[in-house]
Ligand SMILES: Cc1ncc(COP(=O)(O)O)c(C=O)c1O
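Below, in structure tokens: the form predicted alone, a single chain.
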């Protein structure tokens, strides 16, 4: 006898879990005439298709081994490449301190698997990456937001939160934050590393956008100030090569990394050998640096186009960030405007965005929104921001 859907017994961790709000909103924007600033997608024009085709065509004697099972830690040449590469972020690491991930988001999941018990506290920025909040809920942890400003988390507020909540973990996106686009100052990075080390709090530093810098000078990672071995650094090739390859990486001291490896063994055994081979071959090629320069120029132009369009079309009451890099700008409106309700009206006008509420763990953000500028053309940016500006003005009238 078949069991009805209502009679199925799910794990308690699934209680209250809903789908990713971005994925749900993207379903609303599948019509070809909707201009979407909702996702975090890199531009298809940024994909190095010809280089990847050539790499695949030139695979030699390794092809058979690439098709076989491999070690969980990852393709050794890629781990060696990454250990040297992260020195550019001020991180000293050996290949044994690098784990290849199936997208850097897997690193958030593995860190939670290794560190969190039900009821444990994770400190987060306010606002923060909404999918990370979903992961924390899946592990039945409690996310507590720590206030800050455009230079990053407030160290005094962090010290107070550590004393009050005794967290296991701090999760942050210090460079070109998702969703707000802001970047922590060097002094904040150093101070947060010191405070968490003293308290024995593991920091998960998520850095998927760090190489997409359009203005200013590169900054050292928070992990560059890691003297206690309590920081896990997560990086990704999704935004700089291709999200479809699903290659990210974690850098951590051996004690932490070993726990991530054990967790990964129960998840997917190892990441795609073929994808790792492609990333390693392209990363070591002379074309890689010119590719990065090209996509940064593309995204800088799109960022500037969107900021200019907002200046021209948004109401005077609107405020927004001017990110030095990354993929997003963050808009703040008067508290009388609910962007959750505004989204429905905007979609009717054939333009979409992500409301601010899902990025908050404490119920805030309903008068804010995230806009992505990387995946739209100049014409779409001009028209979409004009449509959204009209919608905002109507809401404020």
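All values derive from a computational prediction rather than experimental measurement. Numbering follows the first chain given and starts at 1.
Although it is not shown, the form predicted in complex with the ligand is what the next lines describe.
- With the partner omitted here, the stretch from 283-291, 173-181, 111-119, 70-78 that lies within 4.5 Å of the ligand by heavy atoms in the predicted complex is 173-181.
- Residue in contact with the ligand in the predicted complex (any heavy atom within 4.5 Å), chosen from 253, 190, 246, 168: 246.
- A heavy atom within 4.5 Å of the ligand in the predicted complex is found for exactly one of 299, 233, 136, 209: 209.
- When the ligand is considered in the predicted complex, residue 324 lies well away from it, no heavy atom lying within 4.5 Å.
- Proximity of residue 103 to the ligand in the predicted complex: non-hydrogen atoms within 4.5 Å are present.
- Under a 4.5 angstroms non-hydrogen atom cutoff, the ligand in the predicted complex lacks residue 89 among its neighbouring residues.
- Residue contact check for residue 239: one or more of its heavy atoms lie within 4.5 Å of the ligand in the predicted complex.
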